[in-house]
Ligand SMILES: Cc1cc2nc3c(=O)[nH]c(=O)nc-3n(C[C@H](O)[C@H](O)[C@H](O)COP(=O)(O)OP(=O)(O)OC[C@H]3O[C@@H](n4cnc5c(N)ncnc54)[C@H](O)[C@@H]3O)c2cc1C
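Next up: just one chain, as structure tokens, the form predicted on its own.
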């Protein structure tokens, strides 16, 4: 039975970053991942994820994002690889909408750079959109996207370089704590550790029974298309975008046209609907995307980007959201384990941009018992 300072269950995005941070500090680390690295079964695959600071979900995320941006830059310097692409982000929506109000509130509190565009400015500069009269248009210049698969691989590789041991295709069946250590049992072996971190994404509820009722796992649909004039959607002309309206909860969002020679397959214009969709079991997900789902998403996006309506469909994908009751993250020590078990879950479809800082936070909590980074609003105590 091998012994480690820390075992990390789940080496997706958060877990890979955590393994790196722990190994960098000299800890003996074991990462256990039930799939390959990277993989397409969870939440963090699909070529691109939006990164932004004017956080409408909660202004308290902004200090964490400031640190995340620094850590993304650190990763690029460390690996000599580019993972963050600054395209800017357009927000469209009625001025009364919670998304638009939240964007402006976060920017005001934290002094973030935003630019409000008139209808004429928006139509002249971003003619790809058809935005209703009365909508407010806001541009966040420092926003853009980060690359999920590339990020996971880079953090994994750097963790290995620093001495971490990471096992793929090894599933955890059980873990338990006694007075001396924590035991983790998998389908291959049994291990012991002093500290345990669980970053299991959509599977977290199955590994942490205490929070089973706190997480709702949903199946989300993502689509890539090729418009007739793909060149007008290239990154130099077309930013990331988000549209919030009164017709549907959440928001529609998407990316510039990403060529496969730079970003891999699938090549195309990617978009989706950010909202908690149909609930599912992560081990029994319907991975087939129906024609009705495709057409519904195309029709919704085509209201605002007409060129999408008659585009060629390139690829579809399903991913998973692990939604907390308030759709804010859960990052904390698990009660009842004397600070020896740390959890990070409930990222509710908006967590990837925080990967670079969450790894640091979890390493802090496991090795120091605390963190200087402001996560109080994400702790379990907020729930009754």
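Positions refer to the first chain, counted from 1. For clarity, every value in this text was computed on a predicted model and none was experimentally measured.
Keep in mind the form predicted together with this ligand is missing from the figure; the text below concerns it.
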| property | result |
| --- | --- |
| Heavy atom within 4.5 Å of this ligand in the model of the complex - residue from 333, 39, 67, 58 | 39 |
| Interface membership of residue 253, this ligand in the model of the complex, 4.5 Å heavy atom rule | yes |
| In the model of the complex, residue 43 touching this ligand (heavy atom, 4.5 Å) | yes |
| Contact of residue 353 with this ligand in the model of the complex (heavy atom, 4.5 Å) | yes |
| 4.5 Å heavy atom contact, residue 9 to this ligand in the model of the complex | yes |
| Heavy atom contact within 4.5 Å of this ligand in the model of the complex, the stretch among 217 to 225, 113 to 121, 292 to 300, 95 to 103 | 217 to 225 |
| This ligand in the model of the complex reached by all of 171, 207 and 349, non-hydrogen atom within 4.5 Å | yes |
| Any residue of 29 to 63 that, in the model of the complex, places a heavy atom within 4.5 Å of this ligand | 32, 33, 34, 35, 39, 42, 43, 44, 49, 50 |
